[in-house]
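Same chain, two forms, each on its own as structure tokens: structure 1, then structure 2.
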Structure 1
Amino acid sequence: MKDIQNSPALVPMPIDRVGVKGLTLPIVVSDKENGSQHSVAEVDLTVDLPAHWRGSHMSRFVEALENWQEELSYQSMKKLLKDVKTRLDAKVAHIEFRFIYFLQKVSPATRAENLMGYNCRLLGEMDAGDKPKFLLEIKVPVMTVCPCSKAISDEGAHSQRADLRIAVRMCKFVWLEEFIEIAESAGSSPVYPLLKREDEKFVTEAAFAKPAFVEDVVRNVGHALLNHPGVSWFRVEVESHESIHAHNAYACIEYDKEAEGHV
């Protein structure tokens, strides 16, 4: 049958990324407590397209993913990137996995257990040199109590939930749980999926004893990642969904430890 995709492009311009988005796939993720856990990922696969080709063979992306079906790891992602590059005859390949990672959270006072889900992204890229680059991102909710509000108020202070996003490049394997722990310890309090009255009392009192601006939170995480031997680059973002303001508070730190000679 005639291969229209390989025919000359109507407008001969190179395309940076072309491919498929939103594929769903069952995956296996490394779990510090249990060894592994099953989740479902939404996957994007793209490659570069030369100016002289009209289109890409979309079915080959799906075939590559169907042929993969492995646990998420450095080696398995490298294998998938290489396969996509080969099947599409591309110079550069990109993949993105979006999935939820679950941890069994224990309420601080009653010790009640319930699952807590954390949104994760794993991005991979392989260029002409076949050397892969990876970036892991995880979003962790925390609670913050405003230090200014506490200092100027006769009673109470405003508190809210903040989204903390950690993006890292690693120079060795690091458990997801380590980044979650760093994030949850940086705010006024972690967020829990299940709290009884005794737990609410504990969380409220603990949080008000540890007020934190978004600037405090982002610096706490940044300092921990700066001293983490498994991290070579990081970006930390904190966005606080303010309870009494008509805006969100935001802070960001990005740091390349290799460029600064720390690795």
Structure 2
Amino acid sequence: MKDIQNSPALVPMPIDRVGVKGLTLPIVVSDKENGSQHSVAEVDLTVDLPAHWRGSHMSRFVEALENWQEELSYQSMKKLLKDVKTRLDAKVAHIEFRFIYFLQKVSPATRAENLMGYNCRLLGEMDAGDKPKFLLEIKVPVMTVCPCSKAISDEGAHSQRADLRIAVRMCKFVWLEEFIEIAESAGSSPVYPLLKREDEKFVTEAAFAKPAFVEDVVRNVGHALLNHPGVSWFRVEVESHESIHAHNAYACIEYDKEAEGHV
């Protein structure tokens, strides 16, 4: 049977990334509290393709993922990256997992417990030297109370849900839980899945005692990550679903500690 993919390229130009997007599979993720947890992931896998080959063998990506079947961790992702490189005979491999990570949250007054899900992206890259690089991104919803609205109004202040996205490259292992903690202390208040009336009173008062612009939130996280010894690069984004507008407020800080000589 002909192998068209192995025939010479019609236009001999190297391709940066070629592969598959949007595979879904159940996964087990390493978890600080309980050892591991079940989730579902959407996965993209790509490699580079040199100028002379016409096509990549797409089914090999799916086989690599099928054959992998490990708990998601930096170690297991390293294995998968290496396996994809080998199967595809490639110099560089990129893999992205998108999944929800669940944490038990405790309400601040009545100590009621409930799970909350955080959208995560884990990107791994392995180059010619087989050295893996990782980028972890977590979306953490927080509450923001507007400092301006509070200062100028006789009563109240507008508040809203804001999506805080933290993307990091690490120079040593850091639990995902640590970044969620940094995020949740950076706004006016964390958000919770379950709040009884006593909790709602607590959250409202705590949030009003700590009003924060998107600028404040992004700097609070930036400051914490700048001083975090495990983080070598970060990007923090806040998008606040302003309750007085139909549009959003946005702020972003990106910082490369290595490039800036900040270590």
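What we label the rigid core is the largest C-alpha set whose atoms superpose within 1.5 Å from one form to the other. Computed from a prediction, not measured in an experiment: that's the story for all the values here. Along the sequence of structure 1, residues get numbers from 1 upward.
- Working note: structure 2 is the copy from the form predicted together with another copy of the chain; the remaining copy is not.
- A displacement of 2 angstroms or greater separates the C-alpha positions of residue 195 between the two structures, with the rigid core held in common.
- In the core-superposed comparison between the two structures, the C-alpha atom of residue 21 has shifted by less than 2 angstroms.
- Relative to the superposed core, residue 246 moves its CA by 3.9 Å between the two structures.
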